[in-house]
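Below you'll find only one chain, the form predicted alone, shown as structure tokens.
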Amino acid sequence: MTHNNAQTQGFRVRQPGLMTLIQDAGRFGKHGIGLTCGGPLDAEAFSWANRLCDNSTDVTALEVSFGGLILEAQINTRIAVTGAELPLSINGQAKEQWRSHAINAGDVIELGYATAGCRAYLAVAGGFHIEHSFGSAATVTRESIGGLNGGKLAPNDFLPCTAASANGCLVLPEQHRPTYDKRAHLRVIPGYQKHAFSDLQMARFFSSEYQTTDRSDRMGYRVSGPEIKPSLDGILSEGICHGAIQVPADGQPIILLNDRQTIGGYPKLGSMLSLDTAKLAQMTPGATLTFEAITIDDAHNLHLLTQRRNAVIEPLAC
């Protein structure tokens, strides 16, 4: 890959890890031409990685699924790593997540493999300078758009950015950091197609435990548990929102995420609260899920309260 003079500073990818993607806040307003949103699966961790680098919360960063990323710096700057718990080291020295770190040219940054959760985020001061496709740098591999070449990072890829001062280290206090475990209670807003499910089927879904499966990715999570049978075999294809819970013919729900298709024809129980899809996206196969029905007013209130809480949390100087 060639670079112009404005892109000769940044990070060289020594080892890309299992699945490392360039992401910004997402690609919006393009469903009409069949393009999905992309963006970070865990928006909270992504936002904090940027805030700890004193960036706006939509700046381009890296989503590191499962770990294994090694970068070599060719610039002086600051980075922060948030999200899934994994070993982080700079030049072989263990470092803490959820805080920014000064980086000098020649430094080697290594992310090991996740021990809790599965999505980590690496941000750099000022963000990575990635050319936009259809208004966004977000990588969607199914559509082969965004990022450097529409796919995951590869060895020797180059991630351009600009130099930044080593001063201004920030840390998020531990009491404000999320925790990642093998159980999650997820909130769902029943949709207008709920009438395709009997009261018994709805009660079964909301009173049962489900397990995440290995048939899960950035498009959606297939879960396993008691079968849910709608009265409809299918519907005319229609637009699908983030967090929609489809029920295909086998009765095993599919929870759709950022890289979902833009239309679909399976009946839908409703939509998961978008605040909770981050919890789901941090789950590995075999995790246990339970669901709770809430109203759309509840959802609005939860969003406003979360926005207010995050706005008043200030990272501390290191």
Partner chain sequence: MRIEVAGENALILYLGEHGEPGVANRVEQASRLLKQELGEKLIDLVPSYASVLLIFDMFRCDHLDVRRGIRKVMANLSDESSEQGRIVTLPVYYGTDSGEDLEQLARNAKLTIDEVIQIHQAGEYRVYAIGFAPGFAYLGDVDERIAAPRLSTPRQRVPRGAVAIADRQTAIYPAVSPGGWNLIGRCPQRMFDPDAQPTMPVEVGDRVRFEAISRNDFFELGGSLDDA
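Residue numbers count along the first chain shown, from 1. Keep in mind that this is a model prediction, so the values were computed, not measured.
From this point on, the text means the form predicted together with the partner chain, which you will not see here.
Only one of 31-39, 278-286, 55-63, 247-255 places residue heavy atoms within 4.5 angstroms of the partner chain in the predicted complex, namely 31-39.
Contact with the partner chain in the predicted complex, defined as a heavy atom within 4.5 Å, holds for exactly one of D217, E143, E72, E85, namely E143. By the criterion of a heavy atom within 4.5 Å, G26 is excluded from the residues contacting the partner chain in the predicted complex. Shown alone here, R183 lies farther than 4.5 Å from the partner chain in the predicted complex, counting heavy atoms only. H195 belongs to the set of residues with a heavy atom inside 4.5 Å of the partner chain in the predicted complex. Put simply, R309 is far from the partner chain in the predicted complex: not one heavy atom of it is within 4.5 Å. Not one of I90, A94 and H176 comes within 4.5 Å of the partner chain in the predicted complex, counting any heavy atom. In sequence order, I189, P190, G191, Y192, Q193 are the residues of 163-193 having a heavy atom within 4.5 Å of the partner chain in the predicted complex; the partner itself is omitted from this view.
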